[in-house]
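This document opens with one chain alone, in C-alpha cells, the form predicted alone.
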C-alpha cells in the first residue's frame, strides 16, 4: 500500500481533452515527461529533524518523564512503559509523520532509536 502511494504520488500522465468532432490527436507519451524522478533529496526529512520530532512525541506522552528521554532510550526498560503504552507511542508517531506503520513493523519499535531509524528510512515520512 505504501509503495503504491509513493508511486502514484510521483507519476504524471499527460491528459488532453478530445473535441466531439475532428480527428483524434496523436498523444506522444514519453517516460521522461510522465514520471518525476525519485530522489531522496527533494522533500525527505533529515536525520536531525526525525530525531527532534520523535523525541518531542515521546516527551509529550503523559506517562513519560521528559528528562529521561534520549535518542537511545528503551520504552519499557528505561521509561517503565507497558506494551499498550508502546502501541500508543507508535500511533502518535504515525500521526506526527503522516504515515502508516504496519503492525508487524510497529511491534518491533520499542525504543526511540528503532523509531528514528524506521521513520528516517520510510519514503513517505513527512
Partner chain sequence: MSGATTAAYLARRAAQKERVRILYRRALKDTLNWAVHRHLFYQDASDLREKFEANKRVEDLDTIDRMIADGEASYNKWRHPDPYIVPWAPGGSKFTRNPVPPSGIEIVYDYGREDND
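Residue numbers count along the first chain shown, from 1. All values derive from a computational prediction rather than experimental measurement.
The form predicted in complex with its partner chain exists for this protein as well; it is not shown, and the discussion that follows is about that form.
Peer 1: So in the model of the complex, does any heavy atom of residue 52 sit within 4.5 Å of its partner chain?
Peer 2: Although its partner chain is absent here, residue 52 would stay clear of it in the model of the complex, with no heavy atoms inside 4.5 Å.
Peer 1: Answer yes if any heavy atom of residue 77 is within 4.5 Å of a heavy atom of its partner chain in the model of the complex; otherwise answer no.
Peer 2: No, no contact at 4.5 Å.
Peer 1: At 4.5 Å between heavy atoms, is residue 58 in contact with its partner chain in the model of the complex?
Peer 2: Output for residue 58 is no: heavy atoms all beyond 4.5 Å of its partner chain.
Peer 1: Determine whether any heavy atom of residue 106 comes within 4.5 Å of a heavy atom of its partner chain in the model of the complex, and answer yes or no.
Peer 2: Residue 106: contacts its partner chain in the model of the complex.
Peer 1: Can you tell me which residues in 51 to 80 come within 4.5 angstroms of its partner chain in the model of the complex, by heavy atoms?
Peer 2: Only 63 sits within 4.5 Å of the partner.
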